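Shown next as structure tokens: one chain only, the form predicted alone.
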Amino acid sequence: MGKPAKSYVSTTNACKLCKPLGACLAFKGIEGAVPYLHGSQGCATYMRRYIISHFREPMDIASSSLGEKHAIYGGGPNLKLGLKNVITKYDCRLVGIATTCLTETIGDDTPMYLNEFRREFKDLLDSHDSPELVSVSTPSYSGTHMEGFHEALRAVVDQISRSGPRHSRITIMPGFVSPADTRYLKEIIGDFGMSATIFPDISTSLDGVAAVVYEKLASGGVPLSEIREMGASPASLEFGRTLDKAHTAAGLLENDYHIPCYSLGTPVGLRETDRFFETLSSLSHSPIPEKHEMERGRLIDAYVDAHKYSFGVRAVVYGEEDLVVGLTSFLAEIGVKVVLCASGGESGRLKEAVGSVTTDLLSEPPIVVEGVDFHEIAEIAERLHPDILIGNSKGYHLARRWGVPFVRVGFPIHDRFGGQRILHLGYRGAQSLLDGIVNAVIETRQEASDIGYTYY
């Protein structure tokens, strides 16, 4: 007889978030946009609260607020009424409609409802400067928040961007990075003397100033005028080694508008950042600015200084797939032995991507697992005896159980302050991460010592 089939085990503390949440984050990076969930009120309430606790900023998410009867008769009337209210009260420039499990399961034809709305409420749309209505299919059971994020970006480009005479503004799609990362990218582009559309741009919409007058819609985000002109961009750069261009916004621009797409790894650490800067140097026909060469030099010097602390440290890394790849590349550079790379995503490309950035740095490749929750991560990691845990706040209970240092990166960070200001990208981000990791290791050794130490 063969082995008995593995009994079903439910997800225990998922290492991912839901697909429409990712779509809401993407829409929030567009100027004058309101994310709108076509589904029950509970979905929008949960996502608002979850996002607010990381970014510490207001996060309005509209909802069609479906109930039991709508699950039988359909949610079209509620969707239309909700859109009317949002357009009237917010005077928005775009409404990003993401479907949820409920509306996908009952088979609501959202694009058809939106066409009906455009016909039935033409006067309303005309009186409010015809806000764009963009829809994307994002049932949670079909993927992770990162898939929802990228599918929302692709839907926006597909439904809004147009071709035209080529302009000089490149398009950069960095994926889901922090507001601090986005601001840093803008600084880098400016230092090269270039102009760019960073899509999405949450640099101020999810990390704004203390406004004197309340704003219904947070300022910031990519202007719609620039999104419409993406079809005439000279080039697009897309971060993410696990992405499939057939399903990304940059891939669509390349396929439909013949815009060259530069697919790069998320620039975390020295080598992935080098590739990013070399690409910008090639596109701008300019050398890398001295300011950034100096930052690179200081980073290399810090690598040398930190080696005695970081070498041989055994790390578990988890989170969004492309962030895990970037972090693993960086950790291998500083001598950390990554023993486990884990993600709730299931692209099927994580193992290959991790291998591509570590083959010449790690004598023993890390274990790479996809589609796992924290129960499964713990089962694997406990056999590997990690010295440090690196990822979002959801892994805190494991670090506490094992008594190892915990470095928080990515999203969500709920149990610490300033998650939206963590810098991950570029030479500057690598320097910040290096300092944090080394200090976490030193602190743990110091606290574990019978006598402590002040210098060695």
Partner chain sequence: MKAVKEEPNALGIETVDPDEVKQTLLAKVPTKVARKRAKQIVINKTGEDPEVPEIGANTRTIPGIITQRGCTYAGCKGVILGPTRDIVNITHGPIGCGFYSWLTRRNQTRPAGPDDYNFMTYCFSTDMQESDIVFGGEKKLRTAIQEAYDLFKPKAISIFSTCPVGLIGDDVHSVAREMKEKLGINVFAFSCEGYKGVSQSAGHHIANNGIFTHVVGLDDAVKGGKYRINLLGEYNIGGDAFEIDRILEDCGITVVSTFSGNSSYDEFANAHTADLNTIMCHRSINYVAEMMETKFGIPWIKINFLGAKACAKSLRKIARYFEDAELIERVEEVIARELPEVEKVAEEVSRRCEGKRAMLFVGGSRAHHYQELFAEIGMKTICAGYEFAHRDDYEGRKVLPFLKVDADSRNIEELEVHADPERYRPRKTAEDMERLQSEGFRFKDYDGMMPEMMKNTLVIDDISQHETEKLLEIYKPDVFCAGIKEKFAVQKSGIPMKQLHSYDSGGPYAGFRGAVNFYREIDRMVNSKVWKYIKAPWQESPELTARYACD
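Residue numbers count along the first chain shown, from 1. This structure is a prediction, so every number in the text was calculated from the model and none was measured.
What follows is about the form predicted together with its partner chain, which we do not show.
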query: Distance check, R275 to its partner chain in the predicted bound form, heavy atom within 4.5 Å; finding: no
query: G403, heavy atom within 4.5 angstroms of its partner chain in the predicted bound form; finding: no
query: Contact test in the predicted bound form: L434 vs its partner chain, heavy atoms, 4.5 Å; finding: no
query: Contact label in the predicted bound form: L17 to its partner chain, heavy atom within 4.5 Å; finding: yes
query: Candidate from A306, C101, I288, L361 lying within 4.5 Å of its partner chain in the predicted bound form - any heavy atom; finding: C101
query: Candidate stretches 220 to 228, 111 to 119, 79 to 87, 252 to 260, one within 4.5 Å of its partner chain in the predicted bound form by heavy atom; finding: 79 to 87
query: Members of 54 to 90 lying within 4.5 angstroms of its partner chain, judged by heavy atom, in the predicted bound form; finding: R56, E57, P58, D60, I61, A62, S63, S64, S65, L66, G67, E68, A71, N78, L81, G82, K84, N85, V86, T88, K89, Y90
